[in-house]
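Each of the two blocks below gives one form of the same protein chain as structure tokens; they are labelled structure 1 and structure 2.
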Structure 1
Amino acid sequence: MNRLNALDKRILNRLQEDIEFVATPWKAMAGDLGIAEQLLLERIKALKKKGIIRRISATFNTLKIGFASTLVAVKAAPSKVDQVAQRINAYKEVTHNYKRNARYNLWFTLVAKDKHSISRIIKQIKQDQTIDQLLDLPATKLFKIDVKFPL
């Protein structure tokens, strides 16, 4: 784990909230934090370089912009799970893909422009001979999306 100093923690906590939708959002944020804009930008660049910050960007309610999504679970032979995961990763519609300690040992999420694309990709993945079984688990209700790591 990387050591974060007190300023970095404050910056990262602030960055986990919306930026201000103004012409000079970094200046506004630096003002909130009581530091100079240049220092803020330098720290953010350093945190990016260390891989602590993946990106700063807008994320959308995929349903509201007409996209479809689902969670898929796969039972893959333990000796083949890496290979299966790599093949699944190749789809740009796959956003997350994790190995998990369960009888369904590979779990991934799909976000695509419509339901039809989702079905097509699942059908293709199912043809993989090393996959025993596959579950398509689309969400029927959202209770929460709020990824936050208090530092």
Structure 2
Amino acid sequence: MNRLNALDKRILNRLQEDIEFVATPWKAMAGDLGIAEQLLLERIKALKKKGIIRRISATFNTLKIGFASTLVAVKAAPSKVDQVAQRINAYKEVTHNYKRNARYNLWFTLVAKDKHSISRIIKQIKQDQTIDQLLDLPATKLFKIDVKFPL
């Protein structure tokens, strides 16, 4: 957080809202922020280069388009958890992950075209020797919340 200036925080907050479906979405967003489009694009590029922004993408109702998803909990040695997270992030099907101060100390979500793909990816991840245990926790009931992380 100390690495972020006030403008970067405003940009990150705005990126968590809808991106207008218009011919020039970045220009529209820059207008909302009261800055030039070029400055917005430069700041986004810098935040991505620093690893603060991992990706900007659409959010879909995966079930309505026939995809499958699951929550996965991993138990890894605390000294290895960052390395495990990096390897897990290499899968494009991983939407996000987070560390927890618990027995299962790394949690992530997987979204793929079908349950078979989910199983295949989980099998590959389980082969990582630095993972002690892995739990596949598919949803039995869907609760959709609109999570934002205000800065």
Partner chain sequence: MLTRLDRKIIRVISQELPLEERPFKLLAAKIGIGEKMLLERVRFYKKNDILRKYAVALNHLKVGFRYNAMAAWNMPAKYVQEAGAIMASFPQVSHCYERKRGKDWNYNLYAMIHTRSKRGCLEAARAIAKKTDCKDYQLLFSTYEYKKSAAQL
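Each residue is numbered by where it sits in the sequence of structure 1, with counting from 1. Between two forms, the rigid core is the largest collection of C-alphas that superpose within 1.5 Å. All figures in this text were calculated on a predicted structure; none of them were measured in a lab.
Note on provenance: structure 1 matches the form predicted in complex with its partner chain. Core-aligned CA deviation for Val111 between structure 1 and structure 2: less than 2 Å. Superposition on the rigid core between structure 1 and structure 2 places the CA atom of Phe67 less than 2 Å from its counterpart. In this overlay on the rigid core, Lys50 has a C-alpha that sits 2 Å or more away from its partner position between structure 1 and structure 2. Relative displacement of the Phe21 Cα between structure 1 and structure 2 on rigid core alignment is 8.6 Å.
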